[in-house]
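Here you get one chain, nothing else, as structure tokens; it is the form predicted on its own.
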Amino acid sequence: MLTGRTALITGSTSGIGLGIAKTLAQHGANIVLNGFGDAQSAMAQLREYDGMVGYHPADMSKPAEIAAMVRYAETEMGGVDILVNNAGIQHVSPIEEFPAERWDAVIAVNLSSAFHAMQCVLPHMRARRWGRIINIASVHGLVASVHKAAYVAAKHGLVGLTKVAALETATTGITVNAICPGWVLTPLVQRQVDARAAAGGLSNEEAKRQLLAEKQPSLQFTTPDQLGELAVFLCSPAADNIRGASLNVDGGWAAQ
């Protein structure tokens, strides 16, 4: 379905981003990876599919490097047809104690990078009269949690940015939407589970259950592959008129 299309996924050397990249590749897309993880391992996992695979190490807090990454995609693969803004970082602290530099970093990576990447890819998409921009926000783009001021602010901002971009492209073949996951079992989250198990003398399964029970009524983790399949759907003709949506995949978290 996506043969001949090129997808750029930021923050995609592991976790959600890599899961989305693999699913898009399974459906025929060429992939440009980005991130600070093990790029060679990530690329190796994608080479079993038919499309081209590339990697650019852009620091998503630096607009000039984001522009260079998009130029790389244009030079090596003809341009970006699908942009998945997934790069993100976290810092947890009460507002009174939140370091200014951590606030700036979270906003830069989780929100401003999406703006800069969108600004770079939209001319190509307009020229081709087709494009898909998928912003990986969070359930924290819809609701808040304590001690996550920068993350919640950035993700709410990303939902708002998604709506503006969707309106600006509403009469074109470009769609812009957000996916808002709750708990996803990535290596980063697994480390949180392991720490909870160790601190409480719990089994890993009980630590998972307790973590989920605090917020996610389904008591089930979402998987990166499920998010990838949703991204594929948003790239399909069936999703041509889904514009500016925030699709929460959160096991009922935001429904409470």
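All residue numbers are counted from 1 along the displayed sequence. Not measured: the values here are computed from a predicted model.
There is another form of this protein, the form predicted together with nicotinamide-adenine-dinucleotide, and it is not shown here; the text below is about that form.
Within this chain, R191 lines the site of nicotinamide-adenine-dinucleotide in the predicted complex, having a heavy atom no more than 4.5 Å away. With a 4.5 Å cutoff on heavy atoms, D59 counts as touching nicotinamide-adenine-dinucleotide in the predicted complex. A residue is said to contact a partner when one of its heavy atoms sits within 4.5 Å of a partner heavy atom; G37 meets this definition for nicotinamide-adenine-dinucleotide in the predicted complex. Although the partner is absent from this view, A170 stays clear of nicotinamide-adenine-dinucleotide in the predicted complex, with no non-hydrogen atom inside 4.5 angstroms.
Out of the listed residues I136, V176, L83, A150, I136 is the one that sits within 4.5 Å of nicotinamide-adenine-dinucleotide in the predicted complex by at least one heavy atom.
Among I89, A144, V164, I107, the residue placing a heavy atom within 4.5 Å of nicotinamide-adenine-dinucleotide in the predicted complex is I89. Only one of 92-100, 117-125, 178-186, 73-81 places residue heavy atoms within 4.5 angstroms of nicotinamide-adenine-dinucleotide in the predicted complex, namely 178-186. Contact here is defined as any heavy atom lying within 4.5 Å of nicotinamide-adenine-dinucleotide in the predicted complex, and by that definition not a single one of A21, H27 and G131 is a contact residue. Contacts between 10-30 and nicotinamide-adenine-dinucleotide, taken as any heavy atom within 4.5 Å in the predicted complex, involve G11, S12, T13, S14, G15, I16, G17.
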